[in-house]
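Only one chain is given next, in structure tokens, and it is the form predicted alone.
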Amino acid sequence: MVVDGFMSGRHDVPLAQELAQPSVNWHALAPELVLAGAACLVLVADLFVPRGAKWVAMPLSAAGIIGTLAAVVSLSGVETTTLGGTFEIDTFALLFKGLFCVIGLIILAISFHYFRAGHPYQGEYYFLMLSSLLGGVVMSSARDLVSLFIAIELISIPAIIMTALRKGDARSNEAALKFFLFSVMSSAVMLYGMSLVYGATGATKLDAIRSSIGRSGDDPIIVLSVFFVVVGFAFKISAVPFHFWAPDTYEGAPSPVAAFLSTASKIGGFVGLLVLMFQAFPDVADNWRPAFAVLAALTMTVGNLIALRQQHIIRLLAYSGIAQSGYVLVAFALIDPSSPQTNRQAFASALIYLAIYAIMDLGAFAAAVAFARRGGTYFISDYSGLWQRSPALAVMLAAFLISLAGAPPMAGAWAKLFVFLAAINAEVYWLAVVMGLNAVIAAFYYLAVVKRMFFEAPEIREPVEVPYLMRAAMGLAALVLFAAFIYPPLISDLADRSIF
């Protein structure tokens, strides 16, 4: 059953045809099955390999993710539903399944040398990472409140445990506790909102919810339920004022886990929010659009202003990630049920931003981990003269920071420009102005790190060695960002095909 047009429900299908369809389409579930099988294989293998060979969990995990990516590719061009219409395969789902696989592979490259150096919980880490990644892959196809909630919890719960893997570190324990408390609270608020939606509409499937809401869009219960659902997701994506947990959690967690939280976990939250807002609640956009505009402006501004004062690279990337969430939230503030073209542009701009953000943020985290693994630290002052100690690392980190700042010649420039143009075309000029001002603020602290690396003398002149695996991952990420800048249709055409 193919979705026809933007934000449109499925056509009615005769009952006989519905009954003739198989109850489960196993091909549609192939990516999830392969990834779940890989996670189980890693868990079992870890029980039997000796302590000195625990690192084998990493290549097993990589093989599982590559197999999942192959399953995603095998579904290219397929549009279908299964599990009673609660699980959908379309271009949107395949785009994010593929993106989660790419994120997983880069995280593995960051994690391998970090955890191999005597860490006792390598097998557990890779199992938990694959489990959380599975939540993101499921989220991409979830079209039902229950499956959406299960997917977001599958992302969050393993991530909480990963945050606490450094058991002897008080900061890691504190980070995990904060993450746990805020995650539980956000899940409770979100689930309460979903229960109100079900109570008001009698449905959990998104298309049925939209049909029911269309007849009672001004019902206060509907407005209140959407508010609770949005607040729950706002915690997951660390939007202001629900961002309190993120900086301390990122700093206290193992650095590869912080990279995972900043990308896979956050993008999983945004995928769920996109599906809900654009498929279930677009007809009541007049009620929630102003709230998203305020949320976007606050998130951008607070994140960037606090990032200006950071002296620790992980905390800087944490507040930077909060600000980046604000740019994506702009797309939600532009929804207009009476203007399909505006909606298409807003939706596409959010997809483009999320895809580019994942690559450039992972690259920045990878560079920070590479610098700190042998004698370096995470303090920005130690990056002075990095160009003289490791030219390749300095160039790649500068490329990622320039992309995060939204400057040429990296794809981050297009990410911000597409969102900015969407706001202009929707005539939400004040939000475009706020976005422009915040881009200038962000450029200051990103480029300050670049200046320190290239134009200041190093306090330590010992060369920085970067493992080949991390160097390859960063080089590939930088190449993708540069290629997407040179040829924007590389990502924009895919985003256009992924619109509901």
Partner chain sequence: MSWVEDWAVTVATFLPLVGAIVLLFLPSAREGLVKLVGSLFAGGTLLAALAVVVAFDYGHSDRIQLGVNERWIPQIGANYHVGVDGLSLPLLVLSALVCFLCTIYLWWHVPAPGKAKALFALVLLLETGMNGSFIALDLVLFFIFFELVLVPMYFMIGIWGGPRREYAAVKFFLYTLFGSIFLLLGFLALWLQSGSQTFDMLALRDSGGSELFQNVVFLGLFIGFAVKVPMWPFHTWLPDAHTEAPTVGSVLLAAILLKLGTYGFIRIALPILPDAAVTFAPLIGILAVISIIYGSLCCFAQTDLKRLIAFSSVGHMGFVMLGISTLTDRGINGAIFGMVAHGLITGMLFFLAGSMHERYHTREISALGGVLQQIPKFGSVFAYAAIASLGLPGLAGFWGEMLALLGSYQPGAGLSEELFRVLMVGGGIGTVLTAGYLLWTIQRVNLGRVPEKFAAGTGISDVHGLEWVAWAPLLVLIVVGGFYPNLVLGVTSDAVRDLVGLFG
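Numbering follows the first chain given and starts at 1. As the structure is a computational prediction, the values presented were derived from the model and not from experiment.
A second form of this protein, the form predicted in complex with its partner chain, is not displayed here; the remarks below concern that form.
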#### Entry: Partner contact for residue 286 in the predicted bound form: its partner chain, 4.5 angstroms, heavy atom
no
#### Entry: Interface membership of residue 440, its partner chain in the predicted bound form, 4.5 Å heavy atom rule
yes
#### Entry: Partner proximity in the predicted bound form: residue 343 to its partner chain, non-hydrogen atom cutoff 4.5 Å
no
### Query
Could you tell me if residue 199 has a non-hydrogen atom within 4.5 Å of its partner chain in the predicted bound form?
no
### Query
Of the options 63, 49, 450, 41, which one has a non-hydrogen atom that comes within 4.5 Å of its partner chain in the predicted bound form?
450
### Message
By the heavy atom within 4.5 Å rule, which residue out of 87, 278, 115, 420 makes contact with its partner chain in the predicted bound form?
### Response
420
### Query
When its partner chain is placed as it is in the predicted bound form, which of 70 to 78, 355 to 363, 407 to 415, 268 to 276 ends up with heavy atoms within 4.5 Å of it?
407 to 415
### Task
Verify the flagged residues 146, 153 and 219 against its partner chain in the predicted bound form: is each one within 4.5 Å by a non-hydrogen atom?
no
### Message
Going through 467 to 494, which residues have a heavy atom within 4.5 Å of its partner chain in the predicted bound form? Please give them in sequence order.
### Response
482, 485, 486, 487, 488, 489, 492, 493
